[in-house]
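To begin, one chain is listed below as structure tokens, in the form predicted alone.
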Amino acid sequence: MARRRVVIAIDGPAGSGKSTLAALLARKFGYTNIETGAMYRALALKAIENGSSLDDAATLGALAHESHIELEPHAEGNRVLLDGRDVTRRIRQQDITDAASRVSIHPPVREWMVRKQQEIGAAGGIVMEGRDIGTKVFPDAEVKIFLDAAPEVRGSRRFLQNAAVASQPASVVAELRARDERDRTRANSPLVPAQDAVLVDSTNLTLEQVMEQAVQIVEQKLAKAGT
């Protein structure tokens, strides 16, 4: 009998390594990697291009409803389409990163995103990463991991990833702390670990060690669930 394909939810703050871990786990288990942050980035890009205020919840919610955002899985990562246009590279730039953080706090935007993400993952067989996957999007996910690390470590990693555009490591850490504050204190779906999530602190771990822990967590959960 074929194994039932489950949902693997990975949550955590900015710079914790969620995207990297999700991609590796998806490859390991033959699942589809869904990067929800890319969806918020795509909407932020549309808001900027339309001249919409990033602080206007109603306008952004309406903009989301008239947007068509697609994630096409590829070996090297998701290809992101916004209204049929490939915006994969554009949404990785710093201005979009900053804008996405502001756009994502608005309840009308998050409600629309949650519905879309639930539709994408309804059939299972996915690794979905974000900030409220295990608490809001898929509270019944069979596997939940909350990936975290000290702000200084996350800032250093983010600086090394974006050294060409980042000014100083200290400024990157400051930006991460500000984003943490927005994510953890927002009224709608704040960033908190699900009660049944397994916490992985990668502060003093290599990527290989994080992956090893995550694979063990997934395999134990799958065995317990009888899948």
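Counting begins at 1, following the sequence as shown. This structure is a prediction, so every number in the text was calculated from the model and none was measured.
Missing here is the form predicted together with a small molecule; even so, the following discussion is about that form.
- No member of the trio Lys144, Gln213 and Lys221 reaches the small molecule in the predicted bound form with any non-hydrogen atom inside 4.5 Å.
- Looking at Thr88, you'd find every heavy atom of it more than 4.5 angstroms from the small molecule in the predicted bound form.
- Residue contact check for Arg186: one or more of its heavy atoms lie within 4.5 Å of the small molecule in the predicted bound form.
- Among residues of the shown chain, Gly61 is not one whose heavy atoms approach the small molecule to within 4.5 Å in the predicted bound form.
- Within 4.5 Å of any heavy atom of the small molecule in the predicted bound form lies no heavy atom of Asn78.
- With the small molecule left out of view, the stretch that reaches within 4.5 Å of it through heavy atoms in the predicted bound form is, among 48-56, 61-69, 193-201, 29-37, 29-37.
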